[in-house]
Structure formats: structure tokens, C-alpha cells
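To begin, one chain is listed below as C-alpha cells, in the form predicted on its own.
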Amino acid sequence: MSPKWLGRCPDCGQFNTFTEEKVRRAEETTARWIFSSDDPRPLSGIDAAGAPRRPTGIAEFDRVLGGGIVAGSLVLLGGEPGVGKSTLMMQAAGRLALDGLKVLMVSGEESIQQVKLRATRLNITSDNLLILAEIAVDQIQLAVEKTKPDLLIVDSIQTLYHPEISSAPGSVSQVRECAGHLMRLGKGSNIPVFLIGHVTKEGAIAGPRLLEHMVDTVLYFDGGQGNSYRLVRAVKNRFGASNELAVFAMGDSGLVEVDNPSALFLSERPEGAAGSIVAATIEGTRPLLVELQALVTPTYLSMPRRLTSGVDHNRAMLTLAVLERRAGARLDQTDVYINIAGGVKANEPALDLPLALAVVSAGSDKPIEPDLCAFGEIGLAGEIRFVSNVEDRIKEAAKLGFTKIIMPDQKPPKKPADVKLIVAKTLQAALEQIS
């Protein structure tokens, strides 16, 4: 904080980070932040059943939302430009409008004619879907009070401005104040609000970090260039499980749900290739099978190269260290490359065991049986440790035709009759199964 503008912040050393904020009187600030006039009530006297979730009609989208839209909730959907954020929200708005709900979609980036073109491409026509091209939050509030919608969608939060803030749209002050204004509007009127946001080059949602703390749910829309499918991941959800994953395929008529993403990610798995194994992971509450690949080649560098994609790099390095120390693998003269096929990112301890098996398979140039799946955490002593959701992982593997599963030595779950569970207490015992 400084009484005057500074080009460089004396604390963090960054340039152009100071923003001007208008100082308001205490009574004026307090009045603007009140969105409920109810008196304090005992917890036992509050009825939460009166606000059930409202499904959007898109099952994958409902999954990451925790089962549907909660009245008065504030949801932030972030992603790179062109990934499909506006398309997804338009499709959800169209489904809800057909169900009789009044939806107000505010566009700060496109004209109403451009929004109409997108709706036409997606075959969306409904009188319950209202379009407004506006960037002033006070005008948006007037439109909400006039139309009284059941759902408000704002595209995007970085284009809005508050007339009492002198900085330009997209600045830290404007984004924070506009988001706070819409939060008070939604919770005061019990209207769910969806905010679409852009991401920075680092992949984080643009604007102040406070923005993610203000909202109830944060969804990240991801889709690599050249891939036809899109991933929506919940990184925060006050009304459901975080880290849920939804998978869509981008087509000519919009986004299409992928009911079985495990089959999608394994559809191009090579046959008889060394270093390839299927890992049973958990994303939120959803079991997901992914192909984990490893490549081990002789190195010509003084320091061997270690590259990873889709897995946590530090955890992968720990697994390689355990392989060398506890299993006798010689990796000091080799480069090791690790990848999860399909552009999927998974970060859980159960990837340790399949990662180790894939590296040993690649180093020995011996393929792993195609019907074998694995999961388990590896400790620094070389033991294979307990993981959660074992039964869900086994059911998903059996559904896709895997008949052998290497897993930790823990309480045997219910399993299909045609699946063989291979229990391994140590990493050495697990490696013997693929040798």
C-alpha cells in the first residue's frame, strides 16, 4: 500500500503492480456489502432441503458440479481462449431453457449477433434464453432485477467494469470488485451465477488469486491443441468432491459427452510395446484407466536426462530412486522419459507401482502383458502401500477387459470372477510378475 503511484513495488520488486483504489466512508462500504437482511437463526431451524440441485442436462458437467447447480452458488469456469468455455455454457443454457428455466447470458466479448451465430450452430432456440451484451455490472444488475432469471452466465469476468473503480477492465481492482458485486447479487437473489474467466500463460485463472477464494466452485477447462477432446476438472467445490473430471469431445455441433473416458484414452494403445502399462487411477470419485509409458535409452550426457509429462516430476524421481536402491535397477547411464498418453494429468500415489513397472519393462525391452493393470503406492523402503477406492479401480479395469491386476496387500475387495488379483507386498515381488 502506498499513498502515491509507484512504478515498482518495494516489496515484491515487480513493475506495474500498483492499482488505484477509491477510499469509501465506512457506512457506505458496509451498506454495499449487505446481501441478507435475515436475523441470526439456529442451525437446527434452517431447512437446506428447500434448495435442491438442478441438473443441467449434461451428465458430465453435472459430475464436476457435484450433481447439478446449487441455488445462489457462484461458479468460475476458466480455460484458454478457444477451448470451448462459451460453447459449454451455451449448451448448458440451452438445455435449461428447454426445461422451462429463464437463463440470462451476458456477453462482454461478443455482440448479440455473434452469440446468436453460436446458438444457431449448436441448434439452440428458446425464448427462455435471454442474451445481453453489456460490461457494466450496475447495468447487469438492473437487467437481472428486471428479467428475474433462474440462472446468470457472465462471459467473461475480465471484460466487466465497475463505474466506481477508475482502473481499466481486467485490472486486479476491477475483477475483484465486479466478482464481489455479482456474488452479492447472486446470493442475495438466490440465483446461481456462472463466471467465465481466461487463464494466464502459467495456466492459472487471470486476475487476483482472491477470485478463486470468493467463488464456491472453480472449474478448469483444458484441451491440448490437436486433440478433439476436452477435460473439465473441478479444483474447488464447496458442494461436491473436488478434483472431479469430466471428458468431452469437440465436434461440429459442439461438445459431446464421453461416457467411457477410459476406453477413449486406451483406444490407441500400441500392441506388444515395451514400457507401456495401464494404471488404474481415481479422479475425484471417478475411476479412470490411463496408459502410462516409459522410454529408457542410453545417455550421452554427463548427467542423465529425466523428463516427465502428465505425472508429478518429484514423485517420479522418488520412484526411480527406489528402483535403483531397492530393486537393483541400473539407471545411472540412461535417460528416462515418462508420459501419460492422451495429454491426461494424474497426480496420486497409486501411479508409483505402474510407473516402476513401465520403467523396468522399457529398460529390459520386455513388453508387459496387455491384459495386466496395476496400481499402488511405493514407499522409500520398497514396500507397496495401501491406496483408496480399490473396489472402484478393479471394477473399471474389469469392465475394459483386464484380467490381471497387481495391487497392494490389503483387505481383498469384491471382484469379478474372471479377474485375478496379484497381491504384492514389495516392489521386488511386483517386478517378478512381469519378468
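Note that residue numbering follows the sequence shown and begins at 1. Note that this is a predicted model, so its numbers are computed, not measured.
One more form of this protein, predicted together with a small molecule, exists but is not displayed; see below.
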| request: Can you check 161-169, 335-343, 80-88, 100-108 and let me know which stretch has heavy atoms within 4.5 Å of the small molecule in the model of the complex? | output: 80-88
| query | Of 254, 94, 240, 287, which one comes within 4.5 Å of the small molecule in the model of the complex, counting heavy atoms only? | reply | 254
| task | Find the only residue in 315, 184, 236, 118 having a heavy atom within 4.5 Å of the small molecule in the model of the complex. | result | 118
| Are any of the heavy atoms in residue 122 no more than 4.5 Å from a heavy atom of the small molecule in the model of the complex? | yes
| Partner proximity in the model of the complex: residue 295 to the small molecule, non-hydrogen atom cutoff 4.5 Å | no
| field | 4.5 Å heavy atom contact, residue 326 to the small molecule in the model of the complex | value | no
| message | If we define contact as a non-hydrogen atom of the residue within 4.5 angstroms of the partner, is residue 263 a contact of the small molecule in the model of the complex? | response | no
